[in-house]
Ligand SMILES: NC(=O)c1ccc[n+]([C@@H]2O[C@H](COP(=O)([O-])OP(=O)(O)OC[C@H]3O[C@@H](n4cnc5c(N)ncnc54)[C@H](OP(=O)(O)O)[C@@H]3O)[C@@H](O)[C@H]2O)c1
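Here you get one chain, nothing else, as structure tokens; it is the form predicted on its own.
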Amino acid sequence: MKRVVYAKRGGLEAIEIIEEESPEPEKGEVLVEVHRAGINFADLMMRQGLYGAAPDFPFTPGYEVSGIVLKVGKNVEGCQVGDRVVALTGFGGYAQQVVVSEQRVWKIPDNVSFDMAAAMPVTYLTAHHMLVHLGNFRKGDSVLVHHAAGGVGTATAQLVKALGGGVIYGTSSASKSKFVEQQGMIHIPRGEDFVKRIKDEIGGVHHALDPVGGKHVMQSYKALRNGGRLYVFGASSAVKGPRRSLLTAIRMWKSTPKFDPIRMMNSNKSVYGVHMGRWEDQEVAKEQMIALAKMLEAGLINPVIDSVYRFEDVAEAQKHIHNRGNRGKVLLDFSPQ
């Protein structure tokens, strides 16, 4: 089998494809033949050595896959050979085959494509975890989401609508305004003072989702109303392009705000750091995945797929995301040919 490897820290040239023997599932594990693997911005940061949760080089990235069960280990009861599944891999998903704990594998119905299944775990689970599990989302709640045209942005828009939410503000480049508005969001072009706009129009949002990091985090905090919640789940401002820029990363880290608990108390605002790759309570994740699966079957959510690249073209796929060209989720195709 073949898998993608980050051989070293660096640009797109650091990506290699190697061939090796198929892995074997151990007790409580499942071997999945991967058909689709999702790409997330965190994967790009890992390649540049800017993601603290990444393994040591060399390693294979990839948080999420969909495919078919090839083998099961001892004591596996929830899966059998031939099942169509989606899985949270943590790492290692950029491969033709991957071994995953049974606890992180879920069956998918026949009417759900591998594309749709692979587009869900990270983006929808992240948005659901922030808004529902942490945020106690209520009908009519307002939301601000940055990088609104991306995977989490489009997932957020659909979830807010499905949950009976109110107004959704989405920031992105001006070229994506029509797409963002088609997703049911009020578009705010990058560079516009979104804090002033939101304060003037509705006085502040109930929830703000920030994957940008740095000084941008404080602006998102200021856009909250009394009692609002801010979720920080990324640091895209640390990445300037395909090549690593240490200066850009340092500027981001130095500009990251430090919050005063007393001021937060007086305004009843909350700040959450969210990293689903490091979330340890699997029962909570399982409950959320089941809830999302029901919403998908009911047609309440429908993952937006930007593009699907063959895994041999993984560098081009990541370059597309670096260039902020994607509208929705970008996937890798590992299916047998």
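Residues carry their position along the shown sequence, with the first being 1. The model shown is predicted, which means the values in this text are computed figures rather than measured ones.
What comes next is about the form predicted together with this ligand, which is not displayed.
Chemist: Going by heavy atoms within 4.5 Å, which of 101-109, 116-124, 192-200, 216-224 lines up against this ligand in the predicted bound form?
Modeler: That would be stretch 116-124.
Chemist: Considering non-hydrogen atoms and a 4.5 Å limit, does this ligand approach Gly93 in the predicted bound form?
Modeler: Looking in the predicted bound form, residue contacts with this ligand do not include Gly93, since no heavy atom lies within 4.5 Å.
Chemist: Heavy atom to heavy atom, is Gly165 within 4.5 Å of this ligand in the predicted bound form?
Modeler: Heavy-atom contact with this ligand at 4.5 Å: absent for Gly165.
Chemist: Applying a 4.5 Å heavy atom distance criterion, does Phe233 contact this ligand in the predicted bound form?
Modeler: Output for Phe233 is yes: heavy atoms within 4.5 Å of this ligand.
Chemist: Using the partner position in the predicted bound form, report whether His207 sits within 4.5 Å of this ligand, counting heavy atoms only.
Modeler: Outside the cut-off, so no.
Chemist: So in the predicted bound form, are Ile15, Gly67 and Arg310 all sitting within 4.5 Å of this ligand, heavy atoms only?
Modeler: No residue of the spot touches this ligand in the predicted bound form.
Chemist: Find the only residue in Val304, Val32, Ala42, Ile301 having a heavy atom within 4.5 Å of this ligand in the predicted bound form.
Modeler: Spelling it out, the residue with a heavy atom inside the cut-off is Ala42.
Chemist: Quick check on this chain: which one of Ser173, Asn136, Ser255, Gln80 has a heavy atom within 4.5 Å of this ligand in the predicted bound form?
Modeler: In short, Ser173.
Chemist: Scan 308-332 and note down the residues that get a heavy atom within 4.5 Å of this ligand in the predicted bound form; none is a fine answer too.
Modeler: Ile321, His322, Arg324, Gly325, Asn326, Gly328, in sequence order.
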